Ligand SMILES: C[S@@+](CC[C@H](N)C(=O)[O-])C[C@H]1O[C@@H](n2cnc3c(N)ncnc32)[C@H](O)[C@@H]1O
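Only one chain is shown below, in structure tokens, and it's the form predicted on its own.
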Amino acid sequence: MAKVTPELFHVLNDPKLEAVLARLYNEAVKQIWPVMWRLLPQLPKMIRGGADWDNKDNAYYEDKYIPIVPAQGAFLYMQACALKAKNIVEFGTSFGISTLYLAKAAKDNGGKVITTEYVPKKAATAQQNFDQAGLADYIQILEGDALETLKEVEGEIDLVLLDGWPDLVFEVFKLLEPKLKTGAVIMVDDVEGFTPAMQDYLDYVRSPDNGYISSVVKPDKGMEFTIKVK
């Protein structure tokens, strides 16, 4: 991740939010090397085309950030603004970094973000971050198993960010798929590092017969960018 500077967040035009994001990214930077060391055995696979996700390691990440990078956040915000997205759904809140970018767009668009987090401590800390950023009114955080909590989503969905456990991406997507409006955008992080864990999802959205167009975009780091076209 690049050095955390105010220029990373200028597109948001919100000093209060930018201050919270700077704090969170600085905390995330402190965790980079321990996480990299943990992933070291999988790095060769990740570089060559992706690694599977080992669920036995989930507990290790219960206090880790592993956020989208600022360029991805700016891309999310701008894409949500371009879509005038009002009904935004996120799988994988963590400490709320990506949620804050989406919530700023929801505020600008007169909408709301529904986000879900499995770890109670992360959900509670994320809520505090939302309060500090002044965006809590534009976010509904659902605590628990996303495959259960996201059943509560109502109305047509404009934009989805899938950034939880890689091996659950396709299941969560299929849960939300009936609620996607035509023209909806779906974005998935870590698509290059953990391609095998998401191959079922990638095969599905990259097949035009299923009603999507999809490709990897790289706002600093690769994301799968998908549009529902029918």
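Quantities reported herein were computed from a predicted structural model and do not represent experimental measurements. Sequential numbering from 1, following the sequence displayed.
Just so you know, the form predicted in complex with this ligand exists too; it's not on screen, but the next bit is about it.
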### Task
Report the stretch among 133-141, 119-127, 105-113, 79-87 that approaches this ligand in the model of the complex to within 4.5 Å, counting heavy atoms only.
119-127
### Query
Even though this ligand is not shown here, does it sit in the model of the complex so that 68, 98 and 165 each have a heavy atom within 4.5 Å?
yes
### 4.5 angstroms heavy atom contact with this ligand in the model of the complex for residue 146
yes
## Note on the structure
Contacts from 79-94 to this ligand in the model of the complex (any heavy atom within 4.5 Å), listed N to C, are 90, 91, 92, 93, 94
